[in-house]
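Next comes just one chain, in structure tokens: the form predicted on its own.
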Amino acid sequence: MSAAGRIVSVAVPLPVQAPFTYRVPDELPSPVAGCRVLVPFGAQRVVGMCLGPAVTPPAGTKLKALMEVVDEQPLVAPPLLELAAWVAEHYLAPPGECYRLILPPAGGRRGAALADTAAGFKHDRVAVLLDASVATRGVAQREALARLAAAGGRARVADLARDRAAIRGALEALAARGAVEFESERVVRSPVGLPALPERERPELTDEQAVALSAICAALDRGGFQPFLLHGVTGSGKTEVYLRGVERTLETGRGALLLVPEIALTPLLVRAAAARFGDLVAVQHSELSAGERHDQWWRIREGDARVVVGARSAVFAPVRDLGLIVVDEEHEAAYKQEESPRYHGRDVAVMRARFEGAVALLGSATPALESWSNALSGKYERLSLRKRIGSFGLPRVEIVDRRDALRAGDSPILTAPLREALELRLSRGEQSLLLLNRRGWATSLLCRECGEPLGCPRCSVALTLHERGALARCHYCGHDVRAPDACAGCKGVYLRLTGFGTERVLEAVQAALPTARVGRLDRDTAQRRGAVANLLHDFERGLLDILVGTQMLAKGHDFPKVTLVGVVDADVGLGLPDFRAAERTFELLTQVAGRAGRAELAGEVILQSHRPDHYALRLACDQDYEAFYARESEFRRTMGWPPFASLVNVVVRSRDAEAGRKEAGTLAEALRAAAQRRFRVLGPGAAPLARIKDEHRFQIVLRGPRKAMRDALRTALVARHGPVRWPGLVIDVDALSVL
């Protein structure tokens, strides 16, 4: 590297929008793009990513020096470096935060940061027998040699000394005299135990599966980038197509990546993949311990694992020679990251496939409207599985009008048809799922004297009641308080619980069916590590009769004994002021209905609704996605919402309401001046959630061509704040919601 080339650009893992320039001291090697470097940044020392030679600064500019070059060679392949750069550009995200996504997680040691390497693996000490004839000195040494010989001459020290601590010291003494020696054996910390799937015969493909798989395999054999959209009704065998695609990928000598939207779904897919591919499977998701994530990353990077299963962040796993990326349930909003960088895992997966020259396979029974639009335009190749596997086909669906039921004095939670259907399944030894996409005991505590609900002191939302109404909690900031006996405003004592959540549904089921074994699956019960996998395993083994839960129940699960799905309130979400409300409702109801009757038992679905004639409900009953797309796209096209335009949601946050309002107004004015009819600027106005964690929030929504909006927003922010820091802003490119 020339003298000028001894100046490098470094992306630091902090919320700054531009890389920084450093000089390379003579005593350090010259880092290349993709190597990690230790640099001073203010009072901190941080590990950043070298982006290559920097533009020579003006004469007299004083540059800080690199402190250490961590890697001699880049840890990740060029396609991942390209991907991180694309994420930063596409989502207007801080570059250092994007490059951090492709680097190994810390190994769990205190103070470990990005500089953690393969050395972070846990190591076990192993004793090796060299000379059993050495004269021993004492009982412990004789026993140590005997145990080591009995173990075949090589054993872990911890195993030899498990029941007698003196063995450890005896081995040390024997090593000093040349009788034994010690070695270090690397131990990979594996994810929490996953019970093996019961052995099943390899299923014979249906004609539709065979056609879909043939197209995928042809693309894998040709090589190069090819995106597919696999649209298959629930229970049509999409997972088998995924696994057969992975088989062909491995046969071509390349690796595969299987993405699921929720951590709750990873155990099932991991077990299916491990049954097919054994030790070639690795897992990546945030519920693993730091050490497990670290070890799994290095297994993948070193090529020991060729098939990776994981949630959203696994899209950045360092799979060697990546040939296939599967995005299961590609429509799911859970693929969108809610913190910076706010990337969409599905879209990043497609771009990674492009950079890697790989096949991208997006699968869903209810594709996102954006994905279906891409398929109709020819951007994706569409594959279809229209028939459900099994002799009974799709489940029978009944809609119960809750208005009539409540007028007749029926229960607001379990109407007579749903209660009777649950009783019938219990008597037949079959299982049921009950969905309510709202957790907690009650939605709010209302004062009947002044009409005010119990609100969060830090957020502009009502507190949700938990623990039979005794605890009030904010689902945004975590604030909780014991439920009061009187209104904080008017001091009235006539307080009333309104609405209900999964906690109350579980109690209602237990009261109506006292012999039933009932479990609950929602974010509250999923807090403890491994809780979701254990609960689902118990349900799979038949230890529970009824499982109550939120949308975590709705997708991906395959329980042969589930013959009834009840949706307690099918209208949850329909009334939200969000252009995707109908789409989300259709997706959720279609997906959860698909959990019933997936084996050799007929399925039934009961939807309880106050709006039984809404098109999202009616079309979900028939699993008629194409009719739903036609109806919904008419509304979206007329209003100019995605997929017929792109969306950028900008939120200005400030602890001072007036300062935040002024800042939002100034930014909106600059954007309108730049728009020149190329895109629309809506707002500014108070965000639907006007205050969260004591920060006031003001919203500007941009709608139109993505590049024009991004360029205008970047220009306005650089002019306002400079190129480095954009304080108090949330920028969500390709926003899924404007709430």
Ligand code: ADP
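We number the residues from 1 along the sequence you see. In this text the structure is predicted, and so the values were computed from the model without any measurement.
This next part talks about the form predicted in complex with ligand ADP, which is not shown.
Interface residue remark: Asp569 is not counted as part of the site for ligand ADP in the predicted complex, having no heavy atom within 4.5 Å. When contacts are judged by a 4.5 Å heavy atom cut-off, Glu204 counts as touching ligand ADP in the predicted complex. Contact between Gly235 and ligand ADP in the predicted complex is found at the 4.5 Å heavy atom cutoff. Using a 4.5 angstroms limit between non-hydrogen atoms, Gln209 touches ligand ADP in the predicted complex.
For ligand ADP in the predicted complex, the listed stretch (417 to 425, 129 to 137, 514 to 522, 227 to 235) containing residues with heavy atoms inside 4.5 Å is 227 to 235. For the options Thr239, Ser373, Gln141, Ser654, the residue carrying a heavy atom within 4.5 angstroms of ligand ADP in the predicted complex is Thr239. A heavy atom within 4.5 Å of ligand ADP in the predicted complex is found for exactly one of Arg306, Arg584, Arg352, Arg598: Arg598. No residue of the trio Ala11, Ala93 and Glu339 has any heavy atom within 4.5 Å of ligand ADP in the predicted complex.
Contacts to ligand ADP in the predicted complex (heavy atom within 4.5 Å) from stretch 265 to 304: Leu268 only.
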